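Just the one chain here, laid out as structure tokens, in the form predicted alone.
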């Protein structure tokens, strides 16, 4: 049976960007499991999409009716994602679903993620904006896992020990994206969070023994974080973007538990306990 809000747009061709990422890969898998026409695009996919190379954009957008765009933060893209959405609209795409970070609505209009949101709203008759908090899967397959592997299991971030974050499961974000791509969610903004506010230390404690390589959390000052991130090859722009998100979290702007998952899916968000139970090695 179709999921919440699904049914009217089943035959449409969908392009999924960030198709090898945590959310994009799950969106692509869901669409294909329903027997739908869906193409995954990323720098390492068969259908190659590089935000800094516009040469094949028209080709990969040919015949696309739905587009799911994952906006990478802090990549100094000069609003390339917004430009991609403009190309998509000109190519005839009818529906755009844009994934950004929680709090992007407060960012300057010329920032990459906010520009993508505004472009979707301006160009498409049907658009949906999803704003996600940090993911549980960041500890098992994402950025936090990568950082911890380089520090013998220690996750070292410029976040205070008592800073609360309403982490969300990537499956909830992917489900919301699929619902927006296939159903009637046009003109909606959803801020997606988990059902409770947790500190990094609490998440690390509960995820030990799962797929997560993170065994300890340590709070760093911003200077030390910047130096270590630079040593791992991260760009100054990307590190700066991460530092801004961590500073916002310290200020309490990532702690709110929203109704976004319920509003999009008509079910409660997945709690940490379930994520841990299903991610055990």
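Positions refer to the first chain, counted from 1. Because the structure is a prediction, the values reported are computed rather than measured.
As for the form predicted in complex with a small molecule, it is not shown, yet the points below apply to it.
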Heavy atom within 4.5 Å of the small molecule in the predicted complex: which of 86, 138, 189, 202 fits that? Just give me the one.
138
Single option in 42, 241, 219, 39 placed near the small molecule in the predicted complex, where near means a heavy atom within 4.5 Å:
42
Counting only non-hydrogen atoms and a 4.5 angstroms cut-off, does residue 261 reach the small molecule in the predicted complex?
no
Give a yes/no on whether residue 156 approaches the small molecule to within 4.5 Å in the predicted complex, heavy atoms considered.
no
Does the 4.5 Å heavy atom contact test between residue 269 and the small molecule in the predicted complex come out positive?
no
Do residue 28 and the small molecule come within 4.5 Å of each other in the predicted complex, heavy atoms counted?
no
Partner absent here, but in the predicted complex, which of 148-156, 194-202, 127-135, 175-183 has residues with a heavy atom within 4.5 Å of the small molecule?
127-135
